[in-house]
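Next up is one chain by itself, shown in structure tokens, the form predicted on its own.
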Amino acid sequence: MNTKVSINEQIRLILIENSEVLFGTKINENLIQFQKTRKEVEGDVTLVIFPFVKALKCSPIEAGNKIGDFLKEKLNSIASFEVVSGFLNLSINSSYWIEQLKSIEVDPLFGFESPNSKSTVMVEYSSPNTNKPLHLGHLRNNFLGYSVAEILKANGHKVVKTQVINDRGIHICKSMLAWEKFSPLNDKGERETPENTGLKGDKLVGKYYVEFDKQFNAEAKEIIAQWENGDFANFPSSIVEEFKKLTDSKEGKDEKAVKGIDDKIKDLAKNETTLLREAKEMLVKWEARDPQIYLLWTTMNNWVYKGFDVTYKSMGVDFDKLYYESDTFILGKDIVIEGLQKGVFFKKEDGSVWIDLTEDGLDEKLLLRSDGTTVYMTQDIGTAVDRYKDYSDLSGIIYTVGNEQDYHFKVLFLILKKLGYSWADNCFHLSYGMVDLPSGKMKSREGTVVDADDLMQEVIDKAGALTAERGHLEGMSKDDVNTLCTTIGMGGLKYYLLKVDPKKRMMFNPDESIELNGNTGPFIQYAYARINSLINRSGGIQSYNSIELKEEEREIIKLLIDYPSVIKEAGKMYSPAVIANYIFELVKLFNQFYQAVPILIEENQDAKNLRLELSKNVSKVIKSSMALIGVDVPDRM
């Protein structure tokens, strides 16, 4: 029988093809169940016997022996078997495992399906706002989206990597307005730019987003103080009444309730600030294509894009197609107006457009404000429709977005369905948990978020310091040292963020991520470098004859054979953690083998060459699997 077919599949086929001879009747394929062989029993494959007892009309032990004898007669690769209760434990001979190793050796794309042999899938990730730099959350997002895209490629899918750039809206206008109002002039009469400050464009724009918030809060505070002094000049009576109502409601309330009321008063004051009013006016002008506002918007966005490009290059991620909300919101607006005419949406008295999803267990959702401006949902509708127009063969879209947007995507997919887009069923929200840092570590210059550039540089610097301490940098050029430290630092960062199931919230410890021991990227990178050194010192791998395998060798081959199914599972679950945890187990097993079994000093040449080939294929799978999570492996460490 073909050795490329797994032993489990060979057993399955034999039982199905010979079911009438063996069981006296045709059997349902679902009756054939395998379990992982327990460590305390002998065997490589365990078949569950209980489902066959009724057909064989005997005890589980008798049934197991009967099936074992039959399989041993049909399959030369079965060396022996043992029945324990209702489980048939089959021991497979060494020649089978060696043939499996040889088939892995000759397959340069072992574990991967044929490229573009399956449907086209779009994976969206990153999707930043152009009013601030990328942060720690974007790191997990980008690494996760990129890795899922690579895993789906490995599963044979044609993949389109994309992002939608949130380049419009009130938040963008806040940065623009703050730059116009608060940027100091230099001696040439110029406001701050990336060129005259040396600051990355995304960080410069982010600086003014923070400045807006600072000035915005200060103005709101002044308004509240004015109200508290009884000065309500130039404020509508409705606002005055609401303030007095909220103030009076504090009477007799506890501290927590009073804080909640104060927050409502603060929001009331914020809505009355001149800054917010000017930002809203700027948004309306932008949507009307005011030339001056549009030029400012284009200029500042271009600063941000150049900054993002630098960060993406450091991250090691890329995109095939970019979408801009400034384009797709127009399509989204047209779709909403069309949906209004068809009765999918409804208009309120103030002119705003909504959809009522209460019968679906959700709520009413705003799609167009009363002033005609759009919201995120509107542009997401437009973006989704635009993508299916661009890629007629698209089978689905995967949105890599944090779990705080779970409700948003539930609503988006439901609206698309109600609009009649059948492909809405193939849209999937890859929801992931937030990333926390140990308190007080590496806060960004804004003082609120952890800057992505700063964090990446921090782990690279830490990797360099630790590698220098170990004395591993001797004899290397400066460029080689920088490359190695970047590979280790970024490998540690990516692996640490991806080894955890995407759905889980996680704590990221920068120091732990670059440790050489434990479940870390550098631990796996070091194993690859060690194997590379081993192969180089061997002088080459010669052919070998079949030998009796040691248990350590057999276990590694069995785990290598699992690699294609691991890739399938990772693709099915959209989880790089499946890959990361598999490769960690493989490296742990290899290290045990490396410590216990002689390789270069082995006198038996067949055993030596088999172990070298085994080691070489472990390194091949390490490199391949680490690439799936976006991690490079160095030839030396």
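Throughout, we count residues from 1 along the sequence that is shown. Everything quoted here is computed from the prediction, not taken from an experiment.
Although it is not shown, the form predicted in complex with the RNA is what the next lines describe.
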Interface membership of Glu325, the RNA in the predicted bound form, 4.5 Å heavy atom rule: yes
is_contact(Phe584, the RNA) in the predicted bound form, heavy atom dist at most 4.5 Å: yes
Interface membership of Lys207, the RNA in the predicted bound form, 4.5 Å heavy atom rule: no
Touches the RNA in the predicted bound form: Gly518 (any heavy atom, 4.5 Å): yes
Contact residue in the predicted bound form, from Ser513, Thr487, Asn129, Thr383 (heavy atom within 4.5 Å of the RNA): Asn129
Non-hydrogen atom within 4.5 angstroms of the RNA in the predicted bound form for each of Phe87, Ser370 and Pro598: yes
Partner-facing stretch of 374-382, 225-233, 421-429, 112-120, counted where any non-hydrogen atom is within 4.5 angstroms of the RNA in the predicted bound form: 374-382
Any residue of 340-371 that, in the predicted bound form, places a heavy atom within 4.5 Å of the RNA: Asp350, Ser352, Trp354, Asp363, Leu366, Arg369, Ser370
